[in-house]
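The data below hold one chain only, encoded as structure tokens and taken in the form predicted alone.
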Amino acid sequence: MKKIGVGLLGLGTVGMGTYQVLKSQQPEMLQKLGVELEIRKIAVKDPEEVASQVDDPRLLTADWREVVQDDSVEIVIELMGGMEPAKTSILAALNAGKHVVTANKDLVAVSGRELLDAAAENHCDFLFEAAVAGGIPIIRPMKQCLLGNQITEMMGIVNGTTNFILTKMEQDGMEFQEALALATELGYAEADPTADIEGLDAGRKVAIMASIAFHSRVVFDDVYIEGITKITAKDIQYAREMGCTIKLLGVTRYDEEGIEAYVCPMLISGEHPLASVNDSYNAVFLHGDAVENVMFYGRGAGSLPTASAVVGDVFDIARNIRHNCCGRISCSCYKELPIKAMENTQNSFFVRMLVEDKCGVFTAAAGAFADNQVSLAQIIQRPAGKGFAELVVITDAVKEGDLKKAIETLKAQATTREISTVLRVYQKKGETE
């Protein structure tokens, strides 16, 4: 019987969850894997602070190098987060011939190619299932189960904090700041929620998903990003009247012109499966030419759900070590596809504006759209008081560049008080053609 040594870098929320899952799996590990995994070393910022939380405090060290340089450690689990020293420690581990598992979406979205290349050069495994959608399996299915497909689109809800906020705004009529305060109180939002509410967290996940789905490198800077901070309860109310709900969606598509990759709040039909994904749950929806539509749903974050994905990767590597077949699946980006500029993508749009409430204003607004090749699919007009009316429209599919020109034309009209909201409306691939 072989024992495989494991080293942990970081023992925070996900690190402690991973520690607990590895311990809980100990009784059945031999039956599941044919080998046993044994934690040999754990690097933390302050060993004394966490000494009471581990079975053997002698395993703790404040220096990540002790983990990477330990000859008894074959698998390194990096859960420190951030760019450094995470990147340096992972490269050091790979160059030392050790296999690596990480949940570090920030690092993979920026430096994934470099890390995967280092793994390939050293015949090591570098796995990162937990970097996207927490406990929901999505990376391994794309690299293995769905590899026989030409994937044309992936989209979904990949940030639990923003989904919780938008759910509370829709179900309880809260405004954004009120819902954010509740999310913070309940632990769904960090003290600094910027990465979540501005869409940065979801943008990193979209970059990773797009790279794997289309076999072409997409990095974080390629992803167009908008957050949810400007969404109001009124927008959500109008969306509901139009048979839609508002979700922060990560979308990536591919056609002959290249790859689209963006994150933004979007109206989505109440009939779409993602419309019923609420609170902190995540879901990813993809379309393949053979499998057609597939949806993955579950907890997208949290200590134990994320640890589930981390340990799944560790077990996969343990099997590979046992059968001497590590490095089977490395970087799958063998294409170099262009990234579409956002202005060249097509979507329908939801536009809410405040205009003067008098004869001819609606005709002038409709003319501004028409003059820029934007046709209208739905229209709502309501008195707003004090001589103003609220005009809400949903356009047919239009290029982003044409919609922007129409908005500028509307802003220039003397009868327009303000353009309150401009949101995209999700349509499945083919409906925007």
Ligand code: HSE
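Each residue number is its position in the shown sequence, starting from 1. Because the structure is predicted, anything quoted here is derived from the model rather than measured.
If you look for the form predicted together with L-homoserine, you will not find it shown, but the lines that follow are about it.
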| property | result |
| --- | --- |
| Contact flag, residue 99 vs L-homoserine in the model of the complex, heavy atom cut 4.5 Å | no |
| Contact of residue 158 with L-homoserine in the model of the complex (heavy atom, 4.5 Å) | yes |
| Distance check, residue 301 to L-homoserine in the model of the complex, heavy atom within 4.5 Å | yes |
| Interface membership of residue 253, L-homoserine in the model of the complex, 4.5 Å heavy atom rule | no |
| The single option of 125, 129, 196, 78 touching L-homoserine in the model of the complex, heavy atom within 4.5 Å | 196 |
| Stretch from 244 to 252, 196 to 204, 261 to 269, 145 to 153 whose residues place a heavy atom within 4.5 Å of L-homoserine in the model of the complex | 196 to 204 |
| Interface residues of 80 to 109 toward L-homoserine, as seen in the model of the complex [heavy atoms, 4.5 Å] | 105 |
